[in-house]
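Only one chain is shown below, in structure tokens, and it's the form predicted on its own.
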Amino acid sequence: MRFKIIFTFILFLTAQASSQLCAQQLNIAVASNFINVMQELERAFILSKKLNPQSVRVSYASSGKLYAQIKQGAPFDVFLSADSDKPQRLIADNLTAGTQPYPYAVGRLVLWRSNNNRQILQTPVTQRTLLNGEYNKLAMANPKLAPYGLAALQVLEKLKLERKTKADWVMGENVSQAYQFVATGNAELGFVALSQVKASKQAEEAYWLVPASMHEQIAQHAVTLKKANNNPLAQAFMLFLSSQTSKTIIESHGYETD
């Protein structure tokens, strides 16, 4: 009898906790390079917590734009940046619920050419492709807003190509726009995220995996924002983000995890 009472009480607490989660709304701001991964993580998180899909809302933009929105009071609970700098600045400004950002992924930069582009020969893309100027337009994200854009600029600087190529740049606000410039043929080449290329349905991708030593590490960090102090759904998501399930999903898209 006593065991039955305890078991019933545990079921009551579990149901109550589940009810509290379902009653919450979770707003997540995510760097645009992480779109494909986040869509899969979102589905897995909703399924694991048996949530109404409408209870999770995700907004995508460049890390810089999302950072600016948060500074201006945007109602986000969690921020998944493509770098560590912006989460650290939010912590310094006392806009987060904790004092340490969580390193959820390390991204890889690639120089990519879509196989839809027939303006140039479909030869392998390598460092020589840049050095020999085998393109008319070079797409990249804005280095002032997007960590992948900053990494691309650092590669060009390392190869002493910044001034030589600047007139050929087609710059997007974020890495998703840079990807679209190449995918639509508006640029022959582009610096994009490896995860974007891996997610492409095109069968014969040509890309150069840029050595990590050629730019600062693209260490992506997440923070819980102050608005989420009383939101158990935000805490549940951050725990989920650090789970093995999440790490497996993230790694399958071409990212590294700790």
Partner chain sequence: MAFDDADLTAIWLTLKLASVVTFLLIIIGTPLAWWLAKTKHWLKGPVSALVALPLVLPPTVIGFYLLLAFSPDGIIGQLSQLFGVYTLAFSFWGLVIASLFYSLPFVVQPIQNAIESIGDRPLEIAATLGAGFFDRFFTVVLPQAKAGFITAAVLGFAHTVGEFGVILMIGGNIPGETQVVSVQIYEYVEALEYQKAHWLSASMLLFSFVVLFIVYSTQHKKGIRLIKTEH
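A quick note: this is a predicted structure, and the numbers were derived from the prediction, not measured. Positions refer to the first chain, counted from 1.
We do not show the form predicted in complex with the partner chain, though everything after this point is about it.
Asker: Using a 4.5 angstroms cut-off on non-hydrogen atoms, would Q196 count as touching the partner chain in the predicted bound form?
Answerer: It does not: once the partner chain is placed as it appears in the predicted bound form, Q196 has no heavy atom within 4.5 Å of it.
Asker: Residue-level question: is W169 within 4.5 Å of the partner chain in the predicted bound form, judged on heavy atoms?
Answerer: Within the cut-off, so yes.
Asker: Quick check on L47: any heavy atom within 4.5 Å of the partner chain in the predicted bound form?
Answerer: Judged by the heavy-atom cut-off of 4.5 Å, L47 is well away from the partner chain in the predicted bound form.
Asker: Can N33 be called a contact residue for the partner chain in the predicted bound form at 4.5 Å between heavy atoms?
Answerer: No, no contact at 4.5 Å.
Asker: Within 4.5 Å, heavy atoms only, one stretch in 73-81, 139-147, 102-110, 156-164 touches the partner chain in the predicted bound form. Which?
Answerer: It is the stretch 139-147.
Asker: Just one of G133, G185, G98, P124 has a heavy atom within 4.5 Å of the partner chain in the predicted bound form. Which one?
Answerer: Spelling it out, the residue with a heavy atom inside the cut-off is G185.
Asker: Mind checking whether each of S62, A68 and Q180 has a heavy atom within 4.5 Å of the partner chain in the predicted bound form?
Answerer: Result yes, every residue of the spot touches the partner chain.
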